[in-house]
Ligand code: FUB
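In the block that follows, a single chain appears as structure tokens, in the form predicted on its own.
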């Protein structure tokens, strides 16, 4: 059985906009295809500080409301020069120049993580897949220097910014986008800089936003300049604390409206399990930024409805195998579902998933739970994809919950997807699989 899925018709984006996995540090860009893309870090669940952050994901939208997980684009295992223990894949950014997408990310090169930061680069001809690591930018990094941001200016010159430990630096990239022209310079004029530098340009004015040092709950401040590398004039605070122990954001314009992308801990209640949000960003006539109003509603649709319609293959609960206390049940409406997934060691496994030629596949798992937050552990062909959130549907008989994530499938129909329980009472009705790559 097939189902077409377009995700259209949502009244607003709602915050957080991504709730199946934990995402943070969103870097947003609008590329030539007219879509907005978010390059986000991934808080692995369960967390251990920020040590385990890994497996960068990309999300795209044609209307700011309906978001497609484009899947994972890079993990620490792909980085030959990186920290042997992995993890520590912190806030990234992406830039586009001369037909190539450049994905920049901070990652330690040694076990002494905070002393060995470097800025890695992966490249692709596509905005959300096919990235291959190219090493790191020579001469950058060291103690606490993280959070790269790259601005490609209107004259096609590119600038990199990064920083941490109360120091922010910027410099021009060479045409290869893989090395710095000359030396990095300390950005002057910033007040109470902590980390999370982001630079954008509006009406000829450059803006540098960043997180400050407010203990336990950073705010976002900004400065402006008429030159890409300053000196900067401090302008004030434009985002108050989000309830999260860290603050990190980006600014982008889409169809004439400006937006702030940031994160909070609304879903998890934990500062190391964060979720991306979007709200409107407004400017005064003199170019200063108004304080951003944080909302649960998020933003309204802008631009076109999603043009891509995925053809989903439906795999019913009745067709999966079960174990560890999981069992198949039928309700009064004759809906078949897997129950018993609250038990440790329980699982349901969907076999013979069709991957056709292989590539990325969007999974949509339909579930019901009374818990505020239950979880399912996803493995695909034996590979771990961490925990997926299952948010409350108010009733164990309301199968309106949808967990969405994109994963790679092998060619043919021998793919196996397992959902393991033991993290709250959640019932699974079916799984839908839509291929993104032809």
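For clarity, every value in this text was computed on a predicted model and none was experimentally measured. Positions refer to the first chain, counted from 1.
In what follows, reference is made to the form predicted in complex with ligand FUB, a form of this protein that is not presented.
A residue is said to contact a partner when one of its heavy atoms sits within 4.5 Å of a partner heavy atom; residue 209 fails this definition for ligand FUB in the predicted bound form, lying far away. In the predicted bound form, at least one heavy atom of residue 41 sits within 4.5 Å of ligand FUB. Although the partner is absent here, residue 246 is a contact residue: one of its heavy atoms lies within 4.5 angstroms of ligand FUB in the predicted bound form.
Among residues of the shown chain, residue 263 is one whose heavy atoms approach ligand FUB to within 4.5 Å in the predicted bound form. Only one of 150, 277, 196, 187 lies close to ligand FUB in the predicted bound form, with a heavy atom inside 4.5 Å, and it is 196. Between the options 223, 363, 146, 122, the residue in contact with ligand FUB in the predicted bound form by a heavy atom within 4.5 angstroms is 146. With the partner left out here, ligand FUB still marks one of 86-94, 325-333, 171-179, 123-131 in the predicted bound form; by a 4.5 Å heavy atom cut-off that stretch is 86-94. In sequence order, 25, 41, 50, 53 are the residues of 24-56 having a heavy atom within 4.5 Å of ligand FUB in the predicted bound form; the partner itself is omitted from this view.
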